[in-house]
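The chain that follows stands alone, in the form predicted on its own, written as structure tokens.
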Amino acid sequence: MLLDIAQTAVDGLMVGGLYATVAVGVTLVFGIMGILNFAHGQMVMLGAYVAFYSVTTGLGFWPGLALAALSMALFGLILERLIFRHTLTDHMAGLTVSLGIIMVVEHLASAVFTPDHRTFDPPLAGSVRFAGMTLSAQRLLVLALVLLLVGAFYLFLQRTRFGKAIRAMGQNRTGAALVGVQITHVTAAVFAIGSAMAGAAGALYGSLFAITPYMAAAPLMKGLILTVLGGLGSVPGAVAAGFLLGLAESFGSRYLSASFRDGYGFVLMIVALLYFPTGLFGVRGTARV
């Protein structure tokens, strides 16, 4: 019984780490720009296709992972410069624009890539035995990469001058501008970083699940749930909520109903917000990164 519980918990943490990677990008953009970018899921999808073609053309998974992050960072920077920069004072306009981007990107992807399901061989195949548990080697690799990625991003926010500027903007945009923070440069960089996280998450998603032009809904929904659950604008909250959601889905599917897997996140969010109205790490009236 204890072994079964441990196995379920580890499986949940492995998937939860992937959720957290998506949520960090969503919550970072919201914390700094006040925009819930619904097109974030499409960036995850495009990142998965970049990784797919990198692997199938012989380039390999690791270059594909880097290319997915870099290409989505460039795509996000273009979107911020041409579109989202002009919607900062009207959040409803930003939301509407992101919905339009979803439709455009999704239909273009369907036309270019076709709706067929695509998969590629992960860098690690098979499973490993540990303490009596059978664990997917690729999921363990994904968890390790997620922890490395999130840890590096946290150190970037805490230890670098630019990271401190990002946190200052998350706390008080006007105050940050008054002390010399270049607002336009930081917002562009934040959107690029959030998009790069989406691209990396897409490559990791593609190593575990099938890739289609319509796959964006699932990671986007997870990201939005975690953004609210962790606290709007809180990066640590998004990471903690990602692992919590992974555990909830894993235990719920194992001991309750696997068919309700996508519903556990909403149940968790509703219950958590009854006791934490601003989310697990949220501060009332303040965006925190």
Partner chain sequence: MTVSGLKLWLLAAAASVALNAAASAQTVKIGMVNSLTGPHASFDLPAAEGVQMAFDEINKKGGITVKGKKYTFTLVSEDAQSKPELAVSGAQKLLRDDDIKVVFGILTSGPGMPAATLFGKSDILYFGGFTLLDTLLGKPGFELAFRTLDADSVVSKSFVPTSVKELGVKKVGILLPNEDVSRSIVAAYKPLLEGAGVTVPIVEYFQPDTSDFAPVLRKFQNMELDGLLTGTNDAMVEAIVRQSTELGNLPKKFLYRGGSGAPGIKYSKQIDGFVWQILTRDLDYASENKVKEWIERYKAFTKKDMSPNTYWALTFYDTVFMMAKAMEQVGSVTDLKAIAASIKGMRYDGVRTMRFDKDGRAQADIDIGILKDGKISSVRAPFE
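Just so we're clear, the structure is a prediction, and the values are computed from it rather than from any experiment. Residue numbers count along the first chain shown, from 1.
FYI, the form predicted together with the partner chain isn't displayed, but the following is about it.
Among the residues Thr96, Gln182, Thr119, Gln171, the one placing a heavy atom within 4.5 Å of the partner chain in the model of the complex is Thr119. Contact with the partner chain in the model of the complex, judged by any heavy atom within 4.5 Å, is made by just one of His91, His107, Arg81, Lys164: His107. Picking from 68-76, 150-158, 193-201, 207-215 the stretch near the partner chain in the model of the complex, with a 4.5 Å limit on heavy atoms, gives 207-215.
In the model of the complex, Thr57 stays away from the partner chain, with no heavy atom inside 4.5 Å. Interface membership of Leu178, defined by any non-hydrogen atom within 4.5 Å of the partner chain in the model of the complex, is ruled out. Not displayed here, the partner chain is kept clear of Thr87 by more than 4.5 Å at the level of heavy atoms in the model of the complex. Proximity of Ala272 to the partner chain in the model of the complex falls outside the 4.5 Å heavy atom cutoff. Looking at 1-25, the residues that come within 4.5 Å of the partner chain in the model of the complex, counting any heavy atom, are Gln7, Asp11, Val15.
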